[in-house]
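Have a look below at one chain only, the form predicted alone, in structure tokens format.
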Amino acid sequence: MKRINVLILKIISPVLAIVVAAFLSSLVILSIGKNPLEVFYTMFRFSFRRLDSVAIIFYNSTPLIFSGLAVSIGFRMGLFNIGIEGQYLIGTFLAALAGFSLKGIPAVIHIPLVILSGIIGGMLWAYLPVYLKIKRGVHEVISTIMLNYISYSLIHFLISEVFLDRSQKLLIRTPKLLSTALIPKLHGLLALFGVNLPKHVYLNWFFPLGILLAFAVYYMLYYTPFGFELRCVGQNPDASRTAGINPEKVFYKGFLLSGAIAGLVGLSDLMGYFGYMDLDFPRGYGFDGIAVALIGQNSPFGIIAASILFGFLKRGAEGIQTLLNVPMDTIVILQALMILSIVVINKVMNDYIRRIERKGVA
């Protein structure tokens, strides 16, 4: 009976979170003189009435799938890798460097090399905090936050001083990636199934790659010895050590894996949309990934769903801003309220479920 109750609570938890988020958002919408029902209806209608709009939601969710997975691996082993932000920026820069500097090679080689460069960049930026934690006892939250700021300044210096494309004066950016380094869109594949997307949709192969990676992470967590060790260390490092597991070794491997995935976060935008990296390259995916991982309850499949939710919020916000003249500041508040409500309700419900499960075990 308790198992049934726990299952029901797990199903109700995200639903309740969304209801509370909708209620709080309605109060904000009423405060600016708008009708909440009209705003929500516009968000859904604008987002789902056409296939190209749905494709944009998937495109918006792509970086967040990688970011959420990277954060969740840290959570699984009991570490808080808040440095995804810096790791993906460094990974994106190295990928851009490979994209415009490696010349004369076909796309079938060039694209994997660019992706590999992003992975290496993320791993390099993740190495220092885990080294400091294991060797010097420096908490990973402190070191990763500091490294985020260092990455901002380093990227700024490298783009504006060292690798600046001086052939144009409108933007401070790197040279454009070669055509062989750009990721193809999904238009050709979808056309085989009768789905024809317009050119302004940039959904590309990183979306299915993110889905496949989520499956791979799930398999790693539940069907490999390393995944078992990672989950054990996350539950209790001391008990794991007693059982013969080396927590420090798991921390190294897990943190580098988290950094490697973080290195993929910015590549959809880089290789599928911008084609270069400039000083205004999208930021914040690393912090959004924390919320995505929490909402997805660190489950790879939950992270996919949470990422699509975020993609919908972004797309829906564009709709209500365009059609209902809802101010941008209000949209940011709505998004923050929804994220905060979902995270808090999920946390409270999960703690309650754990207490029930412990009572059941006792």
Partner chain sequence: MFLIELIASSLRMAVPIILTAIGAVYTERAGVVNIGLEGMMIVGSFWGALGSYYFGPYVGFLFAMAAGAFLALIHAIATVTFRVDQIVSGVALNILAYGSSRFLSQAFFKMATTTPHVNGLFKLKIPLLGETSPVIILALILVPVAGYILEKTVFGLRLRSVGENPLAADTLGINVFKMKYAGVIISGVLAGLAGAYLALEHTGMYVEGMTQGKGYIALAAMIFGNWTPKGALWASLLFGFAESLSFRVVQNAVIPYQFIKMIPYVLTLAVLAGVVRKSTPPAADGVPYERGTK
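Positions refer to the first chain, counted from 1. Basically, rigid core = biggest C-alpha set you can superpose within 1.5 Å across the two forms. Everything quoted here is computed from the prediction, not taken from an experiment.
Absent from the display: the form predicted together with the partner chain. The rest refers to it.
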- Message: Against the partner chain in the predicted bound form, would K199 count as a contact residue? Criterion: heavy atoms within 4.5 Å.
- Response: no
- Indicate whether the partner chain has at least one heavy atom within 4.5 Å of a heavy atom of L37 in the predicted bound form. no
- Query: Is there a heavy atom of V19 lying 4.5 Å or less from a heavy atom of the partner chain in the predicted bound form?
  - Reply: no
- Query: Any of the heavy atoms of Y149 lying within 4.5 Å of the partner chain in the predicted bound form?
  - Reply: yes
- Hey, of 217 to 225, 236 to 244, 254 to 262, 132 to 140, which bit sits against the partner chain in the predicted bound form at 4.5 Å between non-hydrogen atoms? 132 to 140
- Message: Since the partner isn't included here, can you check whether the partner chain sits close to all of P327, L337 and K347 in the predicted bound form (heavy atom within 4.5 Å for each)?
- Response: yes
- Note on the structure: As a check of understanding, the residue in L94, I82, I183, L186 with any heavy atom within 4.5 Å of the partner chain in the predicted bound form should be identified as I82
- Item | Contacts with the partner chain in the predicted bound form - residues in 146 to 162 whose heavy atoms fall within 4.5 Å | M146, L147, Y149, I150, S153, L154, H156, F157, S160, E161
- Task: Taking the rigid core as the superposition reference, indicate whether the CA of V39 shifts 2 angstroms or more between this form and the one not shown.
- Result: yes
